[in-house]
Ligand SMILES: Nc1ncnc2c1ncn2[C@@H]1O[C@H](COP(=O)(O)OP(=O)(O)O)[C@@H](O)[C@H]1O
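Heads up, the chain below is alone and in the form predicted on its own; it's given as structure tokens.
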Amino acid sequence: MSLRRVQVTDFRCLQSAALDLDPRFTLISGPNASGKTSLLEAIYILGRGRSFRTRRLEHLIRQGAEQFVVFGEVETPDRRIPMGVEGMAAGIRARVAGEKTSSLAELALMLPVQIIDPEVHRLIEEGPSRRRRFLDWGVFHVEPSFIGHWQRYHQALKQRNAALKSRQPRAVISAWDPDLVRYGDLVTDARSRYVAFLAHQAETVGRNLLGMDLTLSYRPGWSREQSFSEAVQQSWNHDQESGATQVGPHRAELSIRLEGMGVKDRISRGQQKLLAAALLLAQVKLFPESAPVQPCLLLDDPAAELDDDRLAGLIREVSEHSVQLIVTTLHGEFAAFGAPGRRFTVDAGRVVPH
């Protein structure tokens, strides 16, 4: 199952665009600032309900319009399933198969999408929250029960933090502890299992792309010498002083090491990009073969970011995976992935099929 059609209306510089996509490889070419990245961003929002470039929805709406619309059709063995996202300054609305979604996770189930773009290094450079989102997307697709546990944990955390902030009695605050601990342990167990598998795949991909030993480990958000329940009890005074829960999976971290050393501020920007790409490709590699959908991998002008050797390594890794590939390039050709099944040119917000 793959994304076969996407229509974009009033999104950034794109007034109206419609693309019939190839299930294997679609190439989008055009000059800088023509709208190529905006097309990838629209596809990403269709599968994630959020942008990879900005948190402010109003920046995504074309000047003079009140909202943007991204519509897609995902092909299954027996039918095409419509899905769509409307974005306004007030928020996002989404539908799958004509029904309103109760959660944006329903978009991810229908269209699992990842991107390798010029800002991919932020996965390494920025704080732990970005790496937790990276992990949770992967766990979500491997363990279907994870999203429910994650939602229940965050609900308990939200209520407990509200009680802490308003200086409620300890009995009121602690009433949320059983759910916090129960679902926090379930979230942690699922993440830990996933990282164990991811680390094995990342080791191989990292060596192929970087020529270095890449190791991953998961830090749960409290001392490994304690259970989560014990950590919550011990953190009580700190929680009271800060007005928020200071331990738990919401403070977890994915630890990344190259040649046995931490990577933040120790490797070049180019190495950060390759490392982040290695992690994303390792994640795609773990996508279940039994899943009803194949992942959609977006590559935003990869030739502009990598030298010939590194680009060749990236291409080899991508080519080994069963993905729907959508690539942008400044030039009309990108022979590295073979002949594209569909090809489009973008210029000044206009999309023209070849």
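All residue numbers are counted from 1 along the displayed sequence. Remember, predicted model here, so these are calculated numbers, not experimental data.
The same protein also exists as the form predicted in complex with the ligand; that form is not shown, yet it is the one meant from here on.
Trainee: Here the chain is shown alone; which of K285, R48, R62, R310 has a heavy atom within 4.5 Å of the ligand in the predicted complex?
Mentor: Of the candidates K285, R48, R62, R310, R62 is the one lying within 4.5 Å of the ligand in the predicted complex.
Trainee: Even though the partner isn't displayed, in the predicted complex is S290 close enough to the ligand, meaning a heavy atom within 4.5 Å?
Mentor: No - in the predicted complex, heavy atoms of S290 and the ligand never come within 4.5 Å of each other.
Trainee: Does at least one non-hydrogen atom of A33 fall within 4.5 angstroms of the ligand in the predicted complex?
Mentor: Close contact exists here: in the predicted complex, A33 approaches the ligand to within 4.5 Å, heavy atoms only.
Trainee: Should A339 be classed as touching the ligand in the predicted complex when contacts are defined as heavy atoms within 4.5 Å?
Mentor: Heavy-atom contact with the ligand at 4.5 Å: absent for A339.
Trainee: Using heavy atoms and a 4.5 Å limit, would one call A18 a contact residue for the ligand in the predicted complex?
Mentor: Close contact is absent here: in the predicted complex, A18 is far from the ligand, nothing within 4.5 Å, heavy atoms only.
Trainee: Out of the stretches listed (51-59, 66-74, 290-298, 314-322), which one is close to the ligand in the predicted complex, meaning heavy atoms within 4.5 Å?
Mentor: In short, 51-59.
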